[in-house]
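Only one chain is included here, represented as structure tokens and corresponding to the form predicted alone.
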Amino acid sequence: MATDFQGIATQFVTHYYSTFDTDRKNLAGLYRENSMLTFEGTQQLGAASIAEKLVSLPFRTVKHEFAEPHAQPTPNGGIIILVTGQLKVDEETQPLGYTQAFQLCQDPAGQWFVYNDIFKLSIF
């Protein structure tokens, strides 16, 4: 296994949540037209649809805190990443737990992108 999949996963997750917390519309570049997002059971297909969903979420500010991501290589050189953490939105003082899974793939130019993204709040 020549690819540093754990290092790539850590860098990706740090970049993703930093971008999400500061300007969600800039996440569009991490997805492609064949990417899929499942957000709380609702599915979006394609970079534009995913970006529209993320930008339309009903809060102004968000701050993600997360544990070290877990990562494994997948066939054909991809990486699957599992993230657990907490987020705070707007002026809420009580954080919400969440779990998010990503499958990263490389495009023909060697750029990593999100092929699959599953987000679920940890509310029981």
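Bear in mind the structure is a predicted one, so any value in this text is a computation, not a measurement. Residue numbers run from 1 along the displayed sequence.
This protein has a second form, the form predicted in complex with a further copy of the same chain, left out of what is shown; the following refers to that one.
- Taking non-hydrogen atoms only, Tyr16 never approaches a further copy of the same chain to within 4.5 angstroms in the predicted bound form.
- Heavy atoms of Ala67 reach within 4.5 Å of a further copy of the same chain in the predicted bound form, making it an interface residue.
- Residue contact with a further copy of the same chain in the predicted bound form: Thr74 places a heavy atom within 4.5 Å of it.
- Taking the partner from elsewhere, Tyr115 is found to have a heavy atom lying within 4.5 Å of a further copy of the same chain in the predicted bound form.
- Taken together, Leu37, Thr99 and Lys120 are fully in contact with a further copy of the same chain in the predicted bound form: each brings a heavy atom within 4.5 Å.
- With the partner omitted from this view, the residue of Leu54, Val62, Ala47, Leu82 that lies near a further copy of the same chain in the predicted bound form is Leu82 [heavy atom within 4.5 Å].
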